[in-house]
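Alright, two takes on the same chain below, each alone as structure tokens: structure 1 and structure 2.
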Structure 1
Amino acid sequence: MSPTELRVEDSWASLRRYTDARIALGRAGASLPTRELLGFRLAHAAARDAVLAELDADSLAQGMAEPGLGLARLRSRCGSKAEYLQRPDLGRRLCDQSRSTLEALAPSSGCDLAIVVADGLSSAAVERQALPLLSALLPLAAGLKLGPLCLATRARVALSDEIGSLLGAKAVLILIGERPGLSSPDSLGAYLTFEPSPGTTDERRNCVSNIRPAGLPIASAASKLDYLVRESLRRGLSGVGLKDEQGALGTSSTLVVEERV
């Protein structure tokens, strides 16, 4: 029997054009077809590269400086990529130099919103999606008092709590690379926290995730985030008590119950 005769197509194959998810792979005998096996290995390599690659922070900083809000370059307490992956706790706190930097930049009267861009677990996501999302989001934030933009490396989501607290921000929004999936190595997540402070737990956050061309489009993400930020400031809360109720279907934003990055 020839290899062609051994291959069996999946009955769901027609649905693959609607999603990047790994569905309807078919089979060749008792195994995956060679094309699908090689595709899996390629996707796995892309996910590993997204995690291990260092962020091109200099290029990103140039783009972030254009809005004229001021820019703070920050680092967590992780001294290397290996330590970042092995010690999530160190990625949740600023190094001493970064604390001093923020203390010098903090507005005397605080701010409504602090925005942080961080590498997280996918530098590719931040390099591809962060600047377009900022460009769409900042015009929507007209009327809010914004703190200086922050660019943080080797950062976890909770690093934004300390940043927001030092800047005297009512709320903090961190745009961060999410843990890569096998079909989404460049997915950006956005986490909103009202009254941030070190030790904040994840039920107090809202998350808009999978921000990328093949997932949630930039314009839709910016609209959701603008709504959540303004509702958070108006109602004085975030997390389980704050839902995205602007959509026609009344769907709520993704709620974080476990820190993903």
Structure 2
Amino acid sequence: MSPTELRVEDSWASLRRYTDARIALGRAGASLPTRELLGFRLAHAAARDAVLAELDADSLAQGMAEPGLGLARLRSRCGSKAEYLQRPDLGRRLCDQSRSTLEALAPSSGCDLAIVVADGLSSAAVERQALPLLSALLPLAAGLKLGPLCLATRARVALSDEIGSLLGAKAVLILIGERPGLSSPDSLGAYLTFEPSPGTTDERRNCVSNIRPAGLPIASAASKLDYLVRESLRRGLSGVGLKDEQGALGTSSTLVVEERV
């Protein structure tokens, strides 16, 4: 029997053009062909690596120092990745040292917007998308009083509440690695919260998700965020009340969502 006879191709392979779902994979018996099996493993490996890899914070810090806004390096209370994955409560709180760092750096009269970059559930997302997004976003934020840029590790979305509150920020924006999908290991999410304070609930946040070249491109993400930030500051709110009221945000990628990181 020749190797090609061991595999049965599915005759409906032409349907693949309609979806990215893994359809018409063919089969060996009732099992996957070898190339499909290995393709799945490779995708899962990339996703696992994105979750477990430590963020290359030093390189990122270099890039974040360039705009000259000041930089705070922060950590949550999670001591390890394993603890981070099992204790979201600890990932939402700053360690004592980070609190002191931030208190020393806080502008005395507060700021309009604090921006936090955080590893979350995908270091790869932050390493690939965070600096390009900042570069696109900062020029749009001209005219706003920005706090020092913050780089936080082992962080959950709600860590931004404590950070924003310590900096006296009217609003806080956190750019954070999203839970990786099999075909999207490097997707960045951005969560905006007006009047951040510990204990803020998710319906008070706006989210722009799936920020990556193959998802929501950097430039579109930056303009959506710029719109959200300005509207939030102008109207004094974020979350459910700030939903796509002008149709400016498109439908699928900007939603008020449950916290996913």
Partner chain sequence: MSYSATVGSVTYRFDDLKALLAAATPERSGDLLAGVAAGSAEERAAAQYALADLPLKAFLDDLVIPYEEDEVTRVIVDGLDYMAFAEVSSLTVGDFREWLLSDSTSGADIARISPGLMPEMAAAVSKIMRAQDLITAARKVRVRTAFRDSIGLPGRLSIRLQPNHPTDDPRGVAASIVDGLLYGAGDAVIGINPAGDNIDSVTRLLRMLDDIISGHGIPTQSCVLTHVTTTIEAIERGAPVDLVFQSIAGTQKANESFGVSASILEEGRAAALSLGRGTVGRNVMYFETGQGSALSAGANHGVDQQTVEARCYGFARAFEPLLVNTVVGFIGPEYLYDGKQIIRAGLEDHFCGKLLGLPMGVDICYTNHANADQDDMDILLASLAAAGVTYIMGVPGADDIMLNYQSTSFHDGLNARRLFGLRPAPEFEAWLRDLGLVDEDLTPRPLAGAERLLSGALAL
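Sequence positions of structure 1, starting at 1, serve as the residue numbers. Take the two forms, superpose them, and find the largest set of C-alpha atoms that agree within 1.5 Å; that set is the rigid core. The shown structure was predicted, so the numbers you read here are calculated from the model rather than taken from an experiment.
Visitor: Can you tell which of the two structures I gave is the form predicted alone?
Guide: Here the form predicted alone corresponds to structure 1.
Visitor: Please work out, using C-alpha superpositions, how far the smaller rigid part turns between the two structures, and give the answer in whole degrees.
Guide: Relative rotation between the two structures amounts to 20 degrees.
Visitor: Give me the C-alpha shift of L37 between the two structures, core superposed, in Å.
Guide: A shift of 2.3 Å at the C-alpha.
Visitor: Core superposed, what is the CA shift for A21 between the two structures, in angstrom?
Guide: Displacement of the alpha carbon, after core fit: 4.5 Å.
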